[in-house]
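As a starting point, one isolated chain is supplied in structure tokens, in the form predicted alone.
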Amino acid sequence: MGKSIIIIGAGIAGLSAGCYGQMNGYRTQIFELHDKPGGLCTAWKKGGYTFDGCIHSVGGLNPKFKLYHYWNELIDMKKLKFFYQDTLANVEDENGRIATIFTDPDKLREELISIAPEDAKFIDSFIKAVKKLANFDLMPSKPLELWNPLDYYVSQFRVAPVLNHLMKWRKSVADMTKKFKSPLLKYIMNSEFFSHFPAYFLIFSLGHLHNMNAGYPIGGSLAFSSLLEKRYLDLGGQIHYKAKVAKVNVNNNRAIGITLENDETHDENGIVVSAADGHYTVFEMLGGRYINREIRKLYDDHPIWPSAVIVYLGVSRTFDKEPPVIELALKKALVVDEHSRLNRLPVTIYNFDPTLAPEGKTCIRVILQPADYRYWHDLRNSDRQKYKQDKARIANEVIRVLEQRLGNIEDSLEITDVVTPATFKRYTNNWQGSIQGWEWLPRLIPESMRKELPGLRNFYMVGQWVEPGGGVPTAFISGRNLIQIICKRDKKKFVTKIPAKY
């Protein structure tokens, strides 16, 4: 093996960087604070149920797209089973009116026109964009850091057929729907999740779900992460679990290794890559020594994905006639904490993944977002009893709402688990409990954040804190891109074709 690479964090980005590092002749080690892989892409078992902490859907499942072939460099995608959604969600308002957000654009148009014929002009424009962008591959063939003037020139022609749609839908969904005549249509379109992206992200999502380029991997998030872990170990990589990194060791402004929380040092004199939390990396592991005004402003001012309280239920019944995702309007706001009150609940009924619950039983997940990180963090530290009481209060309120909508929840309830922003901080160390890093601000081109820090050599960052919007595919590509960059700088050919062992 050649040059050493120390990777901090065994999330998707860290595992991706590790796999491609091994494939390209580097000697890699991953140091992970938790006892399992995946980072935020995880799940856990409780009372016979598996509660999934992450994946809504994974992109890159259609061979017409580059991402599919990138996944297959590490995972045999043909061996995996996916659930392909016919609907994004059933949205129910406080008066009981239901709108189905079909992934099929023609069915979606028919549904939306029946709800809001007065907004037909907008609906037709929206559906036209879904159809146009559904088969457009945004993925560049190499990292932007390696683009030359010719790449930028050619990209203009590649994007030209869809540029007008990208320009039109670069604003937020909220901005795009301000002038709706139908309050119900405005309510339907403005979900919490898609509010953190430009509007064209919703359009791409619908199109890619429809053409089976996105879907949910049966088995859930941890099973998916474990495939990357297995691939990495098969390639000869090493993972050190329960090994939290406290410090990046630096000599003459050059990263040389790491020191763990137990004072154990690993100075390999190679490359150090942080796939860990961005704030912890910059201001704790490196002590804030390698920043400039741009980075300071980023962490002071740039909006981040809010944290969440998530309620998981294990119930001894099935929901065969219910859609997988329901967004329920609440007649009375649900109080999450001192600063967070919600008027709608996104409910996922895992009736599409039989591996997560015993036969005849079902997992349910309810995401309460946003939630105030500081409130939950301070409460857990100062008053553990009140912290538990608040978790129980929220769970009981969610159960009450679901009892009214779904029926037979209370009598069938076997397991309840509540995750808070403090939980995210404890298990993943994510700054302010953020579940997806930076928000992807409304604009034509996603922001590009440097993987290197000013004045520090031999050090890189990957993952959601350098790739706004986050998500599993983004983290995966971030790790892959970094090794491609390192290979280029080492004047090596980037290798991707070592056969998988499974």
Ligand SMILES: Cc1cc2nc3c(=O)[nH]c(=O)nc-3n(C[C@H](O)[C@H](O)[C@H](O)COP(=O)(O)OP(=O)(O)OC[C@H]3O[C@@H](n4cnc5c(N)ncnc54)[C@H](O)[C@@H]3O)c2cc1C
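As the structure is a prediction and not an experimental result, all values here were calculated from the model. In this text, residue numbers run from 1 along the sequence as written.
One more form of this protein should be noted, the form predicted in complex with the ligand, which is absent from this view; the next part is about it.
For the candidate spot formed by Y427, V472 and A475, every residue has a non-hydrogen atom within 4.5 angstroms of the ligand in the predicted bound form.
Within this chain, A43 is remote from the site of the ligand in the predicted bound form, having no heavy atom within 4.5 Å. Using a 4.5 angstroms limit between non-hydrogen atoms, L482 is distant from the ligand in the predicted bound form. Although the partner is absent here, C54 lies within 4.5 Å of the ligand in the predicted bound form, judged by heavy atoms. Of the heavy atoms in G11, some are within 4.5 Å of the ligand in the predicted bound form. With the ligand omitted here, the record of contacts in the predicted bound form names 271-279 of 89-97, 271-279, 402-410, 168-176, defined by a heavy atom within 4.5 Å. When the ligand is considered in the predicted bound form, only one residue from A395, I367, I295, L184 comes within 4.5 Å through any heavy atom, namely I367. Of the residues I203, V347, A255, V245, just one reaches the ligand in the predicted bound form with a heavy atom at 4.5 Å or closer; this is V245. If you take 455-470 and check each residue for a heavy atom within 4.5 Å of the ligand in the predicted bound form, you get G463, Q464, G470, in sequence order.
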